[in-house]
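Just the one chain here, the form predicted alone, laid out as structure tokens.
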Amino acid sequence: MDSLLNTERPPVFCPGCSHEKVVHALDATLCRMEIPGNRVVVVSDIGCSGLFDTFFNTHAMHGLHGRALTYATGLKTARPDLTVIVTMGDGGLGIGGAHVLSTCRRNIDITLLVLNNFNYGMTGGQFSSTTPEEAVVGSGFLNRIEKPMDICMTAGHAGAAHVKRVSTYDKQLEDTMEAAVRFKGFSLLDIHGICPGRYTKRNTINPGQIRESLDALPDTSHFETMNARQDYHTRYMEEAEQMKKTAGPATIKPSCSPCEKGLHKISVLGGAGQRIVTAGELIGLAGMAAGMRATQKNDYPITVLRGHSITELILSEREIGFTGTETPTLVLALSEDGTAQRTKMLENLPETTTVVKTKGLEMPAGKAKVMEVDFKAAKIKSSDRALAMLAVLAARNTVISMEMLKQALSLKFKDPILSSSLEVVEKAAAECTVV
């Protein structure tokens, strides 16, 4: 292999930028290892280091600042056969520090190249998480009151085994990079270099000084022994193999016929404690019991004991490619909590929509046909009214039949809940009047 570099997009950095040396070192490393471009993913984020993915004829992913390791983790988990290289500046390192720690703990088989030039070079030369305290940078005195991060010590104590520091100008850079890529697990290279566009305008730094500063830092070789273990994917697969195999998803064999064919879009609007979501699930199960397809979308606040509760169902004999609806064919309205959340939808209902609501509930209904159910007269308590509403529909063969509803109840519940639910259904079907 000669090169994986993209000849249509050659590296372009400020004159003297150390990043260009890293580009060529990475190219030489991958070629030396004879890894073809279709087996490599270069993942980057924002900053000068974020240009790396455009310079290589490999797979690539470019994302938000500091988040590159999250994308890389997903890629490596889905495709453990690929070589995943992450390039990140010291800016992204600080912004995405929590993701670095997570990757260290997990020991994902990824190589992270930290292009450390001690400042946010792309945005004005502000201080970063690695800026020396004595440096003069574009963000005033702030770096003087913070302690710079030693990412290798941090990563090692977070669980990473292969953590190395290296100068961009080190003749052994390619060897160091190859060792990191070959390491089976998470490897991190802290690559120190020069930013001529920003940092050296205020600070004196040269390759010799970088070498001296690296030599003065604590040794990291002990982490390879201290944190030695299997990489995440290998350990995960071994653990998974020992687990009891789970059954596949439950299937529902049709046991009856639908009472109304076609596409049904149903919105159930209620409040906390009315078992609205359960009612939606029963509608879906009733449809599936009749051989139909179903989707369900729920809406409720984090205060699950107070506020609105809404569920939206789609029933169809054909495949459904979406959930939820803004133009329901049937609306079941049980409380003001729910209707208040869908005011605009209710105001624009067409003539083809049917609304069945609790008697006395004030709500806009557009041009829809409106019917009322008197649950109070039948002495149906609030928590049972959603189920009672389904019984009213089933008794009228609207969307679901009584056979479909009872099949749904038997799929959802066991005694004693099944028996008590059937009692509510029988009572509502017999005593609830529809006006």
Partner chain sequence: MAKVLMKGNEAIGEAAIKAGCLNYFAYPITPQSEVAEYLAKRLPDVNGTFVQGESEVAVGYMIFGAAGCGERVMTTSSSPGISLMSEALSYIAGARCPAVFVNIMRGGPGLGGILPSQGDYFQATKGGGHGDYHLLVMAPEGVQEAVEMTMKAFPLAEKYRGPVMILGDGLIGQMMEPVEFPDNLYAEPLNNDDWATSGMDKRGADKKNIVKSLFLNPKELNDNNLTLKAQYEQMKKEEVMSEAYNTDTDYKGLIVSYGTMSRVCRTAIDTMKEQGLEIGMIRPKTLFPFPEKEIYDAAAKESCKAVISIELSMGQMVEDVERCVRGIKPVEWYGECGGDIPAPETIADVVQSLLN
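Residue numbers count along the first chain shown, from 1. Please read all numbers here as calculations on a predicted model, not as lab measurements.
Not pictured, yet referred to below: the form predicted in complex with its partner chain.
Peer 1: Pick from N206, S221, Q172, T251: which has a non-hydrogen atom within 4.5 Å of its partner chain in the predicted complex?
Peer 2: Only one option qualifies, and that one is T251.
Peer 1: Looking at N397, S410, N57, S382, which has any heavy atom no more than 4.5 Å from its partner chain in the predicted complex?
Peer 2: If I apply the 4.5 Å criterion carefully, the residue I get is N57.
Peer 1: How about P196 - does it come within 4.5 Å of its partner chain in the predicted complex, if we only consider non-hydrogen atoms?
Peer 2: P196: no, not in contact with its partner chain in the predicted complex.
Peer 1: How about T246: is it within 4.5 Å of its partner chain in the predicted complex, going by heavy atoms?
Peer 2: Yes, contact at 4.5 Å.
Peer 1: With heavy atoms only and a cut-off of 4.5 Å, decide whether D53 touches its partner chain in the predicted complex.
Peer 2: Yes.
Peer 1: Closest heavy atom of V304 to its partner chain in the predicted complex, within 4.5 Å or not?
Peer 2: Heavy-atom contact with its partner chain at 4.5 Å: absent for V304.
Peer 1: Sort through 223-231, 288-296, 181-189, 329-337 and report the only stretch with a non-hydrogen atom within 4.5 Å of its partner chain in the predicted complex.
Peer 2: Comparing against its partner chain in the predicted complex, the contact stretch is 288-296.
Peer 1: Can you tell me which bits of 99-134 touch its partner chain in the predicted complex, meaning any heavy atom within 4.5 Å?
Peer 2: Counting only heavy atoms within 4.5 Å of its partner chain in the predicted complex, the contacting residues of 99-134 are H99, S102, R106.
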